[in-house]
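Take a look at this single chain in C-alpha cells; it is the form predicted alone.
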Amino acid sequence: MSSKVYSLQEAVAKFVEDGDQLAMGGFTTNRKPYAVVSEILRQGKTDFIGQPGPGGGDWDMLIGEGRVKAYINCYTANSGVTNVSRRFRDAIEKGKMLFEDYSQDVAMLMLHASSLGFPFFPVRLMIGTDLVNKWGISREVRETIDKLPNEKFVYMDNPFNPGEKLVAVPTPKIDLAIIHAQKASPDGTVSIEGNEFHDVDIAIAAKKVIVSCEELVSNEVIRRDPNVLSIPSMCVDAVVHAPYGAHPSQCYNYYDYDNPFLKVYDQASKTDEDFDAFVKEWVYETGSHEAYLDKLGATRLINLKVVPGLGYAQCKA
C-alpha cells in the first residue's frame, strides 16, 4: 500500500486550492489544525468558502488575512479568552466578508447530513427565530457564487405528518477537510482520542482530506486496537507529521491549550496593525512549523504537556 505521508509544504501545495469549500476539525480551542492553517497563509491560498462548525482562532487568522470569501457559521471564538473572535467580528462589521448564520445544532447536522450524502436535511430547529427571518447572504448574491446554494433554507411540509412545517437546510459540498489528530499511519488511518467533534463527518464528506498528527505510527501498530480508530484510510489523501500542530489549542492526552499565547492573540487581534504584526512574527517570518516550535521554545512546550490522570497541564496562567 502506497504511503500518503507528505511534508506540510507538499500537502498544502498539492491539496489546497483557491476557492475550496473548506471545513476544519476541532472545536474553538480544541485540536485545531493551526500548523496547516499557517502554511496555507504562507502559500497565499485564498477565496475559501468556510464551513467551520464551531470555529476558533484558526479561522480567525484566515479571515483576518482576507482569505475567506464567504463564511457559513454558528460560532467563532477562542473559548475562555475571546468570546467572539475579533477579526471575524471586524470582517462582518465592515462588510469585508459574506456571512451566513445558522444555529450550532443545525450547522453540525448539516455537516453530518453531508457525510451521509443527503442533498438537504429537514429540521424543526430555528423556526420562529431571526435565523430564518433574516439572511446574511441574499439570494441575489448567492446566485453569483457557484459553491453556495441559492437558498439559505426552504420551508417544507412533513410528508409523514401533513401540516407540520419543517426547515430544509442545504448540505455543504465540501472540497477540503483539514483535521489534526493524535495518531495517523502512512496509509491514512486516523485515531482521534477524546471528543471527535465533527471531524469524522467532514472527513467522510470531503473530496480531499489533509490530516496532521502528533504521532506518525506504522500501519501495523495503528490497527492493533480497531476500537480506537476514527477515520479509515480511504477517506484521507495526505498525512502530515506535525507535533504540536494544534498549538495554541489543546490536543487531548498530549498537551493543554496555551492560555498566555491565546491572550497575546486576543490583544493583537483587536486592531489591523497589531494583527498584521502578529501574523508577520508568528506565521510569515517563522517560515515553517519547525521554526515556529523553535521560536516557542522547549520549556514552554514541555510545560504544556498534560499530567497523566488529570488531563491538563499544571502550569497555566
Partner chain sequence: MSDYTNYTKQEMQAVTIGRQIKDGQVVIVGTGLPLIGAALAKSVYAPGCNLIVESGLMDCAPIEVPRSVGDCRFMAHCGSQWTNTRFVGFEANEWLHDSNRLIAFIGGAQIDPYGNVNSTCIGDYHNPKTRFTGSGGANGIATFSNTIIMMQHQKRRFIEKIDYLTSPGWMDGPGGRERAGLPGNRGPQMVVTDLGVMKFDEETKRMYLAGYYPFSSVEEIVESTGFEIDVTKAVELEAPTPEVIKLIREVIDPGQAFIKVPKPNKEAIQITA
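Positions refer to the first chain, counted from 1. Small disclaimer: the values here were computed from a predicted structure and weren't measured.
Note that the form predicted in complex with the partner chain isn't included here; everything after this is about it.
J.: Go through 100 to 108, 202 to 210, 172 to 180, 227 to 235 and give me the stretch that gets within 4.5 Å of the partner chain in the model of the complex, heavy atoms only.
T.: Correct option: 100 to 108.
J.: Mark V154 yes when one of its heavy atoms lies within 4.5 Å of a heavy atom of the partner chain in the model of the complex, and no otherwise.
T.: Contact with the partner chain, no.
J.: Can you tell me whether A313 touches the partner chain? I mean in the model of the complex, with a 4.5 angstroms heavy atom cut-off.
T.: Residue-level check for A313: yes, a contact with the partner chain.
J.: Within a 4.5 Å heavy atom cut-off, is R223 in contact with the partner chain in the model of the complex?
T.: Answer no; every heavy atom of R223 is more than 4.5 Å from the partner chain in the model of the complex.
J.: Indicate whether the partner chain has at least one heavy atom within 4.5 Å of a heavy atom of N259 in the model of the complex.
T.: N259 belongs to the contact set for the partner chain.
J.: Would all three of Q9, D47 and L293 be in contact with the partner chain in the model of the complex, where contact means some heavy atom lies within 4.5 Å?
T.: Not a single residue of the candidate spot has a heavy atom within 4.5 Å of the partner chain in the model of the complex.
J.: Exactly one of N219, N158, N150, T129 has a non-hydrogen atom within 4.5 Å of the partner chain in the model of the complex; which residue is it?
T.: Of the candidates N219, N158, N150, T129, T129 is the one lying within 4.5 Å of the partner chain in the model of the complex.
J.: Just to make sure I understand: among 71 to 108, which residues lie within 4.5 Å of the partner chain in the model of the complex, judging by heavy atoms?
T.: Going through 71 to 108 in order - heavy atoms within 4.5 Å of the partner chain in the model of the complex - the hits are N73, C74, Y75, T76, A77, S79, G80, N83, V84, F88, R89, I92, E93, F99, E100, D101, Y102, S103, Q104, D105, M108.
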